[in-house]
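Given next, in structure tokens, is a single chain: the form predicted on its own.
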Amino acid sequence: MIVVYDGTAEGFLSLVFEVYAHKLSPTHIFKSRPQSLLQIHEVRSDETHARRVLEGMKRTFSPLHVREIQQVLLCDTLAFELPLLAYVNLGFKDPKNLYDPTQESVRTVQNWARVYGRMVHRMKGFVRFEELEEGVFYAKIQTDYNILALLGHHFVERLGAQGFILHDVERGLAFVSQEREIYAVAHADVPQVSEKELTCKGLWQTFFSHVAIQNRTNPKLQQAFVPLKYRTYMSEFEGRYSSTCKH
């Protein structure tokens, strides 16, 4: 059976509810309706159903396994649905199953959760804020998975009352710190940064270029610590030393 849902976490939990309520056996799960003549079961997001499934998981599973499920639900570029559904089924049969590495869905889901957690950890060090003329901090990110909420709450703790905007460019989402909310952003022009920011960025780029010992340059090692895919919005790599500094 082909099952279609809306691609949201609430939609997936509603899907789990219907699998149990209607004894469904999905063979394929899609985030959008495919071109197919086969029978398709469409799941609509239902807040009540999703909450019942989430509460059931919290009562039955360990906090670690609930967190892994929540992390995989944010791996929005993966086709995680069938392995995650199998993982949830295993847990509801017996929570001890989720500690069994011989189960394929256990290995798959827990590996995805580790990758997700590693990405969040790395991005905590790779985000580069710029100060706008209004005094608000602004940073763009580009990541494989949706980590905006976790990253945003991390910087709320780090920056305290300082207002900031964290902009996920690919997904068109922004975390606004003063309200701790995520907003959809259809389009955003590059904001005007302050003069102080331009000076600081220039100084930082100059330091970054001069602190290196040229005859000990090791690009492979550098890429191991800072992979290329994370450098797009890191100021030290921006324009490769096109510094505004007058030194």
Partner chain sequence: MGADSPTMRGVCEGVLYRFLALKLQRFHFEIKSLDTFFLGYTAPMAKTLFEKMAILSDSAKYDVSCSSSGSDQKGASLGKSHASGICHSFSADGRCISLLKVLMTNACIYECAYCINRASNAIPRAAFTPRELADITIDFYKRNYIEGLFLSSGIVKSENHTMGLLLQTLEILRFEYGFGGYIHVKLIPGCDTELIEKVVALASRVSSNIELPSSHSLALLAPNKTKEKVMQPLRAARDISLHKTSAPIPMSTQLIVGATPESDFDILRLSSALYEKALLKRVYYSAYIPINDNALLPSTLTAPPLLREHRLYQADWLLRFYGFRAEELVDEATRKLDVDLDPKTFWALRHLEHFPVEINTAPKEVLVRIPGIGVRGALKILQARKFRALDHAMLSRLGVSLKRANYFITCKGVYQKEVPLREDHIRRALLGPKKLLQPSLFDWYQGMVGGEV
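Rigid core: the largest C-alpha set superposing within 1.5 Å between the two forms. Positions refer to the first chain, counted from 1. All values reported here derive from a predicted model rather than from experimental measurement.
Keep in mind that the form predicted together with its partner chain is missing from the display, and what follows is about it.
Q: Counting non-hydrogen atoms within 4.5 angstroms of its partner chain in the predicted complex, say which of Gln39, Thr27, Ser32, Asn215 makes the cut.
A: None of the other options qualify; the answer is Asn215.
Q: Using the partner position in the predicted complex, report whether Gln103 sits within 4.5 Å of its partner chain, counting heavy atoms only.
A: Heavy-atom contact with its partner chain at 4.5 Å: present for Gln103.
Q: Look up in the predicted complex whether Thr206 has a non-hydrogen atom within 4.5 angstroms of its partner chain, and give yes or no.
A: Taking the distances in the predicted complex, the answer for Thr206 is yes, it comes within 4.5 Å of its partner chain.
Q: If we define contact as a non-hydrogen atom of the residue within 4.5 angstroms of the partner, is Ala9 a contact of its partner chain in the predicted complex?
A: Flag for Ala9 set to no.
Q: Does Ala174 reach its partner chain in the predicted complex, with heavy atoms at most 4.5 Å apart?
A: Answer no; every heavy atom of Ala174 is more than 4.5 Å from its partner chain in the predicted complex.
Q: Heavy atoms within 4.5 Å of its partner chain in the predicted complex: which stretch among 122-130, 141-149, 83-91, 70-78?
A: Contact criterion met by 122-130 only.
Q: Within 4.5 Å of its partner chain in the predicted complex, which residues of 213-234 have a heavy atom? Give them in sequence order, or say none.
A: Contacting residues: Ile213, Gln214, Asn215, Arg216, Thr217, Asn218, Pro219, Lys220, Leu221, Gln222, Ala224, Phe225, Val226, Met234.
Q: Quick check: Val19 between this form and the one not shown - does its CA shift reach 2 Å or more after fitting the rigid core?
A: Comparing forms between this form and the one not shown, the Val19 CA shifts below 2 Å.
Q: Val226: after superposing the rigid core, is there a C-alpha shift of 2 Å or more between this form and the one not shown?
A: Val226: C-alpha displaced by 2 Å or more between this form and the one not shown.
Q: Please say whether, between this form and the one not shown, the C-alpha of Arg59 moves by 2 Å or more once the core is aligned.
A: Where the cores coincide, Arg59 shows only a C-alpha shift between this form and the one not shown that is less than 2 Å.
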